[in-house]
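Quick heads-up: it's one chain on its own, the form predicted on its own, in structure tokens.
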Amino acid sequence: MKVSTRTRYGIRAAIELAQHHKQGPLQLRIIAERQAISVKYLEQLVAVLRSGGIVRSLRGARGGYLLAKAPNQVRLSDVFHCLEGPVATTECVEDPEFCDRSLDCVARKLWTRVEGAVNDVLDSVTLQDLLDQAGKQSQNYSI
């Protein structure tokens, strides 16, 4: 399984918004500069995140984008599923009828476990967890 550029960039944008959660909205151009993502591509990503309820927008001179919820309430699984869709290892895990061997296949059982493990990790991490981890790392490196 390979995470798409769309999802990687979308998560980076969500982290950027989480870092500025209490400071008001961020303009796309600022997020794009800080994350080295083109504004046009970022517009597409934010539109998907907005329709998925991850971010919201404010219009006006001081407008921009904000997280729709506090960083400790946004799980990585929310962002991932919004941008990528469900975690999928093989077709037979999603649809047992895809393969005649699905019910007795040892490999399918493995792929089901892998898929479950990925989902468990994504469900267990919030944007706040990532911010906290980044804060600890920067403290360690500043010694």
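Residues carry their position along the shown sequence, with the first being 1. Only a predicted model underlies this, so the values are computations on that prediction, with no experimental measurement involved.
In what follows, reference is made to the form predicted together with the DNA, a form of this protein that is not presented.
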query: Contact residue in the model of the complex, chosen from 28, 110, 99, 118 - any heavy atom within 4.5 Å of the DNA; finding: 28
query: Listed residue that, although the DNA is not shown, lies within 4.5 Å of it in the model of the complex (heavy atoms), from 95, 104, 43, 33; finding: 43
query: Exercise: residue 75 in contact with the DNA in the model of the complex, heavy atom 4.5 Å; finding: no
query: Non-hydrogen atom contact residue 50 with the DNA in the model of the complex at 4.5 angstroms; finding: yes
query: Distance check, residue 60 to the DNA in the model of the complex, heavy atom within 4.5 Å; finding: yes
query: Within 63-78, the residues that have a heavy atom no more than 4.5 Å from the DNA in the model of the complex; finding: 63, 64, 65
